[in-house]
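Listed next as structure tokens is one chain, alone, in the form predicted alone.
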Amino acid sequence: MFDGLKDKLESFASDVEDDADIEAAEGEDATEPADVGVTAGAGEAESVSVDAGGDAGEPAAGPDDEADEGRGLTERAKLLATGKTVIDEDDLAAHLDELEFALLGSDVELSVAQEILEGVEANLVGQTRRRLSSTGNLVRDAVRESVYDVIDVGQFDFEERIAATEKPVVIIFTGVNGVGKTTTIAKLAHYLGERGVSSVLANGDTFRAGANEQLEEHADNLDKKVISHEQGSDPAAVIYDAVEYAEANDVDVVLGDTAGRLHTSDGLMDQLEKIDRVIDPDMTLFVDEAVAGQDAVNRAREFDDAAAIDGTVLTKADADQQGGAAISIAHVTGKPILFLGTGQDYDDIEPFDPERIVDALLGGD
């Protein structure tokens, strides 16, 4: 999953590390201090001792032209001790340009790519934020922190939200045709059931022929109840009936399917607005394919603009080499990714964990 993006991020980190090593070695040759010791553990300097004929922390004396040529080893050691990089900003700029092309090539949205670049530069040139556990490598930590910042947006614990909300909890699923909404509903019904949370399925997709049969097949497999009306019925009425059923039978969650639509489908968008008005759902989740990349990002933005969403589920994440949608959607919409679909079976759905994602991309403890 996301192997293409992982390779590109690791390549950037390795290239910057190599340049930093070369630069540090050149600085050591140029300054030739009498005694320099840097002891580092877990990617951070624990102690710095300098004895170059003067007070610790002061640059070694030398000709003016040598003093003007970059940072001396003493200054580099001081930067390392405070969690800062030892690579020159001018050298870093070239690598950042390469990283930008790599991110865009992985379908990362432009503004998100720029946000990542700014974060990487700030973390390398300035003090690293250290919100994640250290990998023991300054450059990888800087990239991890920056990627984490763009995907950890509005994150909340789905199960805790369900537990804290008055029952029945009503969740509506929306998105375009063919992205796996109905299968995602079945997976989440199974996911909730394994955690002792009961659910009823509601087929608000009264537009598509065969929608009732598809949802009923899943319900039979999972031993769940389906509320449905005939094709062409009012979707809001179907979901309302499902809520009534849940209240009467002490069911915890209503999972409501809706017709696949584009944000430009005025009639179908009117249906969503009516569901919002009549049902007032507790959550509206946008579903799309991770492999759709930039298209998924654009659709998420458009759906959120047309009818506000509370979070996203990305299907086919196991087949996504690029990772652009997973990196971009939360930042673009300001709403979290909650789940990833990772296969065809009912068990193949997992909560989206930003820290686990960045660890998978760049390594972690």
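Quantities reported herein were computed from a predicted structural model and do not represent experimental measurements. Note that residue numbering follows the sequence shown and begins at 1.
The form predicted in complex with a small molecule exists for this protein as well; it is not shown, and the discussion that follows is about that form.
Taking the partner from elsewhere, no residue among G154, D304 and P354 has a non-hydrogen atom within 4.5 angstroms of the small molecule in the predicted complex. Only one of 181-189, 269-277, 228-236, 158-166 places residue heavy atoms within 4.5 angstroms of the small molecule in the predicted complex, namely 181-189.
At the 4.5 Å threshold, heavy atoms of H331 stay clear of the small molecule in the predicted complex, well away from it. Contact check for Q294: no non-hydrogen atom falls within 4.5 Å of the small molecule in the predicted complex. The shortest heavy atom separation between N177 and the small molecule in the predicted complex is within 4.5 Å. Although the partner is absent here, E109 is not a contact residue: none of its heavy atoms lies within 4.5 angstroms of the small molecule in the predicted complex. Between the options G119, P281, G193, G260, the residue in contact with the small molecule in the predicted complex by a heavy atom within 4.5 angstroms is G260.
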